[in-house]
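For reference, the chain that follows is the form predicted alone, supplied as structure tokens.
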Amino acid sequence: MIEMNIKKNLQSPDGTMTLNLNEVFDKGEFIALYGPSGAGKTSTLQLLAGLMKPDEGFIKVNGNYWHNDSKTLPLQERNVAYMFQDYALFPNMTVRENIQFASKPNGTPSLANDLIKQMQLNELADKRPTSLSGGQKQRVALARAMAQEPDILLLDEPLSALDTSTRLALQNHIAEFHHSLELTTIMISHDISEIVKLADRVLKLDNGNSIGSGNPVDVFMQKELSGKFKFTGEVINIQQQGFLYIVTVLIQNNPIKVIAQKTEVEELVIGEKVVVASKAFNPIIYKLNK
């Protein structure tokens, strides 16, 4: 369990902003942080990792204080893996060496090689980061974070530079890794579909304050949604046929056609994130609120 009750003054484009968090994250939860740039998301991860100190308050993990008025636990004593936005790879090491460097001496022996295979890095394993594209560096950084076998995994927009098929595959790897190692994972993402797919809970931040927390579908839709299935996707076409509309939604690279009424599509536009759910065996479509 992670308990954070902290205040931290930060510089923002509009001047000084105070990050004010009083949150509890349960062990094993997958938490997504969502909000505009400058809301305090990255600073939250840095405070947990020990890269930044709160001005006031405490951070407590599994009953032990990582920070309070009298102590701050050093970064190296926190079993935390942090994937940075700028990747922070060692330029003098190959891809394989970057991943192996992060592996624990007494960790899973085959993990580094397994991650190289899972992240589709076999052909890049002996190359250095300077020769890689942004998306390739991102995959290496994600593999290196996983190689640490941490208790807490901190991900700062881990999949933003990847193409759709690679992103979907790595989402599955993150979910598998999170569950198999019983991690507490905290991820920053601006992709609502990704958050709904991966996270148990989303924390919405704005100007340093929490403005919403809960199940991602409930938070983004601001309503309860029940049904036999729920999928998130992106509207790629809206076509009127008589009194009805045919909405085509792209769900994991598959176009799905949903019959909708005028009231259901009035606020929808191409590119909108939506939920497709069942209700009395008929699929219905809901706009997601950002």
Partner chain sequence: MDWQPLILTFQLAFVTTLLLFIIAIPISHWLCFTKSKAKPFIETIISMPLVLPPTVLGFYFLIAFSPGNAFGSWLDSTFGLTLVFSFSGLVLASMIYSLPFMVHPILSGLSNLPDSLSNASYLMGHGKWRTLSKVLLPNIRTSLLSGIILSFAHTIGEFGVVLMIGGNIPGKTKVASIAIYDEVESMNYAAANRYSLILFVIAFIILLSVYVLNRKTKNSGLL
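Positions refer to the first chain, counted from 1. This is a predicted model, so every value here is computed, not measured.
Separately, the form predicted in complex with the partner chain exists; it is not shown, and the next lines address it.
Not one of Leu10, Val24 and Val61 comes within 4.5 Å of the partner chain in the predicted bound form, counting any heavy atom.
Using a 4.5 angstroms threshold between heavy atoms, Pro109 stays clear of the partner chain in the predicted bound form. Although the partner is absent from this view, Phe177 stays clear of the partner chain in the predicted bound form, with no non-hydrogen atom inside 4.5 angstroms. Of the heavy atoms in Glu123, none are within 4.5 Å of the partner chain in the predicted bound form. Looking at Leu89, you'd find a heavy atom of it within 4.5 angstroms of the partner chain in the predicted bound form. In summary, among the residues Ile188, Val80, Leu142, Val219, the only one with a non-hydrogen atom within 4.5 Å of the partner chain in the predicted bound form is Val80. Screening Ile211, Leu181, Ala169, Met93 for any heavy atom within 4.5 Å of the partner chain in the predicted bound form leaves a single hit, Met93. Look at 233-241, 249-257, 33-41, 47-55: in the predicted bound form, residues with non-hydrogen atoms within 4.5 angstroms of the partner chain sit in 47-55.
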